[in-house]
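Presented as structure tokens, the chain that follows is alone, the form predicted on its own.
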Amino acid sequence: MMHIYAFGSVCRGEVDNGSDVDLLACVDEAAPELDHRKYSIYRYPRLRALWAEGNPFAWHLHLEARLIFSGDGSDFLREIGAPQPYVAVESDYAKFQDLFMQSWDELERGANSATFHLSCMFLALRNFATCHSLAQGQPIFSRRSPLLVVPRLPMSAEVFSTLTRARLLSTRGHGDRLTVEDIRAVLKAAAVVPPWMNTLRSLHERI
């Protein structure tokens, strides 16, 4: 049995030169014929568990995924309905804030692999904002989510695009290499992030 879905930027119409097509393969047994570099591969029980947790990835799939192949004519994700409510926002706030602070610290200390640390900073920012938006009942799964939540990250679009480039370079090898000036600009702008994260956390605590 197998179901294949598209999800992500292509389903949001948010396509640019850095976009790829995110594909989810739902399977009931090992599927060595599927390329792990092209598919996110999940067995049906694992997906049901993510649904039961109210995991952000489950909500992402529930709200965006589009069926493109079904082995039995059914739509598995539609049939399992909506995920449980998302309740892990506090632990996710802490996890992604820690990731940002650690990556920023490594970058400031001049550690090797600047692109990797910038990529981690991007991941932390995007996931922090996405989890916040989901907890607020207005989910935003765009990679620009830090610039789309309210209040938005007070960082220029140009500096944020450097972080996005780092993510694409680190994960797909796509894009122009970062310059010393690019890295310095991010280091200069990064100080706005901790207060912004604390503001979003305080907004959630008031709910």
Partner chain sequence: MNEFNNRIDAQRRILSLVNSRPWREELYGLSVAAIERWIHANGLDPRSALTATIYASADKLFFLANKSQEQITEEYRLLASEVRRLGDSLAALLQSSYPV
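Just so you know, these numbers come straight off a predicted model, no measurement behind them. Numbering follows the first chain given and starts at 1.
Not pictured, yet referred to below: the form predicted together with the partner chain.
Notebook entry, point to check: Is it true that H36, A114 and C120 each have at least one non-hydrogen atom within 4.5 Å of the partner chain in the predicted bound form?
Noted result: Checking in the predicted bound form: H36, A114 and C120 are all within 4.5 Å of the partner chain.
Margin query: Based on heavy atom distances of 4.5 Å or less, which listed stretch (25-33, 65-73, 52-60, 151-159) is in contact with the partner chain in the predicted bound form?
Written below: Contact-bearing stretch, as computed: 52-60.
Check: Looking at the partner-bound form in the predicted bound form, is I80 within 4.5 Å of the partner chain by any heavy atom?
Finding: The answer is no: I80 has no heavy atom within 4.5 Å of the partner chain.
Next item on the list: Determine whether any heavy atom of E106 comes within 4.5 Å of a heavy atom of the partner chain in the predicted bound form, and answer yes or no.
Entry: Yes, E106 is a contact residue.
Item checked: Residue contact check: S133 to the partner chain in the predicted bound form, 4.5 Å heavy atom -> No.
Check: Contact between I41 and the partner chain in the predicted bound form at 4.5 Å, heavy atoms?
Finding: Yes.
Next item on the list: Within 4.5 Å of the partner chain in the predicted bound form, which residues of 79-108 have a heavy atom? Give them in sequence order, or say none.
Entry: Going through 79-108 in order - heavy atoms within 4.5 Å of the partner chain in the predicted bound form - the hits are K95, F96, D98, L99, Q102, S103, E106.
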